[in-house]
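Next up: just one chain, as structure tokens, the form predicted on its own.
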């Protein structure tokens, strides 16, 4: 796992697609927070690259309002110190001729800020631009990968690349992109980002499982009935209708493939030999390899798609997906998806994992719920025969927004008779540690500077995740669903998802 004491070497972060929302809302606020926390190297610079003509000062002004809004620790004084490290260069990274001036600008800034030859290249752009940009980076000779010495500290220099999702739109395109990257970068220099893995509570899950002997012995098919992973959003597509209607869009590809299968892998992985990145990613990959293929005949029982129609969001009327800007009025895109996954391993055989994600849901939350099996012998029959019976024991891991872990079990109500009631033990991250969890992007950017890939995806994880969801995505594309939209905005999704759970005698955990 990331080591806080690990030295962060001088470097320049080059952001391709720097005029986009991700740079304003996440990357620059995260880098600024790292600066405020004195976690950046002493010599450091940021260079934004995009086609839009802009001066350095214009770019800084473009970033300021979002920094005030999204940075955790903004103040005018530290921004005035940080802003001179941020620069801008106008250029089209898909054109080979743009890289001569870009290399010259990077060299100029390296000399100005005394950063040496270490560079992080961050692709924050439309996915169709990844390949030409990577090819041009290689052709321009920007990657030395330890073959040259850093002019500042006389250590081998490095160049690392961070790639945003979507990483391909199916298994074949993901494998092709991995090959493109492999021709320019070594695997240890490739950082496939998943901001869910940067969330503090997901990382805390590793500690929860592997540092506590009271949980690991029961973390298996003998005691666990099923697992639910939910990522629900109250917002709609927020002007990204064009992307969401693309082959990479939709809840199944955009969320379950990209994020929730990764969270599932952390829940289900075997204890790694060490906490090094390679050992942790190997165990996650084994989980995904163990996930059962979903055949066409299984899809109706194991997968549900939905699309939101008009409804209410916090008391305000909101349009349906098909009325959003840039969306096809007859769109079949899934804004909700639920998927049942079986992991055919010794630990998890027979334990279903239910994954769901949706937009315009009743509440914003990301959570993991572990449902335990009932006791093998019902001693408390009278309680069991009541309307709701004895609720199963639960561990609820809140990833966001209220980070923490909650354990639910049964206790006796004081007084005469054997009356029982569910009680909860609650670990609240903020209350316990008197600290707000860092922005996931801040954690991940710092790890990339340290050269720690623990919280980044390996190429095999990406390709196996696509293998799991691709049969469902293809089936949905080939078989339009007549009843879309099939859930109102502000609800918990289509009734078909409830039916899928009820068929197995279970129900969703809807707080």
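Here the structure is a predicted model, which means the values were calculated and not measured. Residue numbers count along the first chain shown, from 1.
There is another form of the same protein, the form predicted in complex with 6-O-phosphono-beta-D-glucopyranose (BG6); it is not shown, and what comes next is about it.
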{"query": "6-O-phosphono-beta-D-glucopyranose (BG6) contact at residue 359 in the predicted complex, heavy atom, 4.5 Å", "finding": "yes"}
{"query": "Interface membership of residue 121, 6-O-phosphono-beta-D-glucopyranose (BG6) in the predicted complex, 4.5 Å heavy atom rule", "finding": "no"}
{"query": "Partner contact for residue 196 in the predicted complex: 6-O-phosphono-beta-D-glucopyranose (BG6), 4.5 angstroms, heavy atom", "finding": "yes"}
{"query": "Contact test in the predicted complex: residue 367 vs 6-O-phosphono-beta-D-glucopyranose (BG6), heavy atoms, 4.5 Å", "finding": "no"}
{"query": "Single option in 117, 200, 245, 233 placed near 6-O-phosphono-beta-D-glucopyranose (BG6) in the predicted complex, where near means a heavy atom within 4.5 Å", "finding": "233"}
{"query": "In the predicted complex, the residue from 343, 255, 355, 263 that sits within 4.5 Å of 6-O-phosphono-beta-D-glucopyranose (BG6) by heavy atoms", "finding": "255"}
{"query": "Candidate stretches 97-105, 272-280, 359-367, 219-227, one within 4.5 Å of 6-O-phosphono-beta-D-glucopyranose (BG6) in the predicted complex by heavy atom", "finding": "359-367"}
{"query": "Those residues of 160-178 which, in the predicted complex, come within 4.5 Å of 6-O-phosphono-beta-D-glucopyranose (BG6) by heavy atom", "finding": "165"}
